[in-house]
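The chain below stands alone and is given in structure tokens; this is the form predicted on its own.
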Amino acid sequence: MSQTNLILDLENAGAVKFGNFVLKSGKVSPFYFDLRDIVSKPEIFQRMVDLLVEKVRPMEFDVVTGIPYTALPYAAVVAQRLGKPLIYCRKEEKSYGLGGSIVGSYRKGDRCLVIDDLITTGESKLETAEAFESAGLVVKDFVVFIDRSLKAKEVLGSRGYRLHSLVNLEEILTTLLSHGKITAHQAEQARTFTRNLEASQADTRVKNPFADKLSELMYRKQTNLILSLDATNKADFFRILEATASEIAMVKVHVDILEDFDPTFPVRLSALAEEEDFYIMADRKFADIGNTARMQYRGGIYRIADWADAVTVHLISGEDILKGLFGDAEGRSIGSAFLLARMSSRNNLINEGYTRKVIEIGRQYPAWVAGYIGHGESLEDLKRFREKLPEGQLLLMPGVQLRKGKDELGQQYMTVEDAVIGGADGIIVGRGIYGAPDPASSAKIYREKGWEAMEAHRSPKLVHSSMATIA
């Protein structure tokens, strides 16, 4: 089966469409590829498998996988034809039976060939590689039917992966145009849309006013330390905060654990923040529907919106919670959000799919989202997580102490140096400071270690990039 015949077969089967199609991002594309129904067309399915087998036979691999769901049937037949084991990664990790996310038999060190239907940016392929590599497999080669991108091969190559395709976008457009299946105008529309799409994806920087202000303060004050101050009474709270204020960029407050809260608390806190040059984050972790979250934020006894510069938000209820918190402000100055993208507690229920969605939503609301709260299981895991975040939004990392470890309630800790090297713009420290015999001395140690790591391990360009506006 020739390349031309494959393209014409796909067009005839309705897998290649031209018109107006709304993508997941909300953008309207002039073309669309959909190979899902090919499994119901045995003749073309068989011819496509033949092409795959011919393409991958010379490659070196031990096991075969297909990215769910479209590519799995192809991968299964290719594996059977070549006498290789088939494995695949569940979209959601199984929580019963034997558990686990990878189905099938394999050995650590096995080389895994990854098959998928098409590629647009390469991001999902990198996430697939991470999932298999974390299980001890080696991923080097990705094979797709259609490469609809301009730079995916280059992007994957920069990370050490090889991309192979049966056809690419330009070959499809040229073939269909020469056979009178599309017009020259349709072909140029597709090319223009792809160029513009990749240009917009390449520019990942977003702008949030509070992220810029916090970044500038961090650089001016030479500290990336955020104090998580979980005192349960005002006397202890202000005793510790006044002793440590010179060392911190921001204080993280759980106002609802104060046993003696009264209206004087936010007044005194705001005055101290202005005097000592730090910001205030209310760690309320809003997670309800938009209307309820708005009342929790702007009303009640705490009236958080009146004094907090930023708040923490779970997106379990969807993006409308951001509209509830920050929309319709009626001229008032409303703070910014840090979204909970990952947690540092052992066996928490946040998975990578949820994390990816949180980042996608955060990117869509740059006026309201200053950044993300996230942890890493290891230095490399944290680096991979940081790479997914938009430039211009910050990463604040909890679970930071002077030594690695965990507590009796499942909190996991990473060192200051690893947190900063991994990409954290701010390190969140709680008991390591307020639980110390001398909180002031402890805060000083964390501040010095945190900033030394920033200057030593993050290039000036990266420091200035993540630290945003610098005079």
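Quick note: we count residues from 1 along the sequence shown, nothing fancier. Just so you know, these numbers come straight off a predicted model, no measurement behind them.
As for the form predicted together with a small molecule, it is not shown, yet the points below apply to it.
The partner is absent here, but in the model of the complex a heavy atom of R431, alone among R57, K27, R431, R403, sits within 4.5 Å of the small molecule. Interface residue among A273, A231, V255, M343 relative to the small molecule in the model of the complex, by the heavy atom within 4.5 Å criterion: M343. The shortest heavy atom separation between R107 and the small molecule in the model of the complex exceeds 4.5 Å. Though the partner is left out of this view, I373 does reach within 4.5 Å of the small molecule in the model of the complex, counting heavy atoms only. Though the partner is left out of this view, D283 does reach within 4.5 Å of the small molecule in the model of the complex, counting heavy atoms only. Interface residue remark: F31 is not counted as part of the site for the small molecule in the model of the complex, having no heavy atom within 4.5 Å. Contact with the small molecule in the model of the complex, defined as any heavy atom within 4.5 Å, is confined among 387-395, 283-291, 190-198, 169-177 to 283-291.
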